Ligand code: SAM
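What follows is one chain in structure tokens, specifically the form predicted on its own.
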């Protein structure tokens, strides 16, 4: 039997479980995927509306418990699987994700879901508060980084609810937040090459306290000197990566890509 790498904190507050389903806006027309259902506290409320509910659970012992709890529900489907490696294209053309994600793998799971974003209507997921802080951070905020850019490039991010430690068993050391991520039909900014865009983003944040002229040295041959300062694509490289918007990163990326082409 597979062991949970770091265990999981299970939601046990019925009122919060109901509120999550309400905020997710689930209707009887929605196919829902729940990742890491644990003891099924959220599952029971999803089953009241969604059709079907597909639960992905890695723990064989919990799978046995879930089968026992929901064997009478015709709209319940259980898959024993690792959500970080699962092929979500096997679940049909369109579905919603509603989950209290296991903390140890939450960011990896969200990134994998974004890979399958053309199939996902939206994701209403509970994560550690500090992770949600990073997802929604804006330029100039200390939480803003390459993960913020990645999430916001692909999705609209809306913070929905703050959830206290006492809503879980065992209680985690930190609070949680519920966020809704809605995949965009088109990326937030238009880029000629996503590969180049994210190369620049990762380089800009690699040493967070360094200026861009130090972090973007791979493109030094394109730097320009203006009035005693260094620029690239019209952006002052004495700035730090954390001050750049998605549009600024797109400006850098498209300028570099145009010269590369």
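All values reported here derive from a predicted model rather than from experimental measurement. Numbering follows the first chain given and starts at 1.
Although not depicted, the form predicted together with this ligand is the subject of the following passage.
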Open item on the list: Suppose contact means a heavy atom within 4.5 Å; in the predicted complex, does that hold for all of 30, 76 and 124 with this ligand?
Closed with: no
Open item on the list: Within 4.5 angstroms, counting heavy atoms, which one of the listed stretches 179-187, 96-104, 114-122, 129-137 is next to this ligand in the predicted complex?
Closed with: 96-104
Open item on the list: Can you work out whether residue 65 and this ligand are in contact in the predicted complex, taking contact to mean some heavy atom pair no more than 4.5 Å apart?
Closed with: no
Open item on the list: So in the predicted complex, is this ligand close enough to residue 41 to count as touching (4.5 Å, heavy atoms)?
Closed with: yes
Open item on the list: With the partner left out here, check for me: in the predicted complex, does some heavy atom of residue 59 sit within 4.5 Å of this ligand?
Closed with: yes
Open item on the list: Since only the chain is shown here, I'm wondering whether residue 81 would be in contact with this ligand in the predicted complex (any heavy atom pair within 4.5 Å).
Closed with: yes
TODO: Have a look at 237, 24, 244, 11 for me and say which one sits with a heavy atom within 4.5 Å of this ligand in the predicted complex.
DONE: 11
